[in-house]
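Only one chain comes next, encoded as structure tokens, the form predicted on its own.
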């Protein structure tokens, strides 16, 4: 479990807190989406979970952040990395090897994955991210989107209890983006991996996440099951969050008294809603 209690953090270089009075619990096996505008504190929230804050980005730290009972202030990031796998926005800074295969092997060898499991995990990770053909490629020859998939594959090969991803689909096309989320769903449902994703593609995120956390100016303003948060679509749009199109359609149908059910999540539920209206 991840527990944040009255957590506030201000970078040494900041003029105001990046996060303020955060109270948040993320349970084992959860799938949480973090959304908000630029500067809302989304990345800082992930840095607090994997220990980058305050160990690599110093500042004023108040309250507490516990990961599986470990206080992130007192626990070295290297120790937290055994529990928390992270995929950052800047994938180039995350790469340590020259070739794709070596990038995945580096993590598994350093974290003590049994030798008889390495090949199976490497193959599965490459297949789940749709890049088995890149196994022997030089990383410098890859596109930004391909590097992003390699970074994700390297983390999932480790099978950490928690995976934190900061905009993992930023450079990916819709098909590849969905592929990444399908893979995260597989890990969540098969291994019980806790997934925490910062994502701008809210419609895509809502199709997979169980809960949403909406940040504005460093504070949590909405948090809960996806469907409950989406009931506040007007509030989300006020602060510039693009709600899924199916929710916008739902709002229009409700306003015209054509539909009285719950807001749909994903295309299948939207199709059911439209069929009900047309009938």
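Residue numbers count along the first chain shown, from 1. Keep in mind it's a predicted model, so treat the numbers as computed, not measured.
What comes next is about the form predicted in complex with a small molecule, which is not displayed.
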Quiz item: in the predicted complex, which of 227-235, 32-40, 60-68, 246-254 comes within 4.5 Å of the small molecule (heavy atoms)?
Solution: 32-40
Practice problem: Tell me, yes or no, whether residue 167 is in contact with the small molecule in the predicted complex, where a contact means a heavy atom of each within 4.5 Å. | Solution: yes
Quiz prompt | 4.5 Å heavy atom contact, residue 89 to the small molecule in the predicted complex | solution = yes
Quiz item: Looking in the predicted complex, any heavy atom of residue 16 within 4.5 Å of the small molecule?
Solution: yes
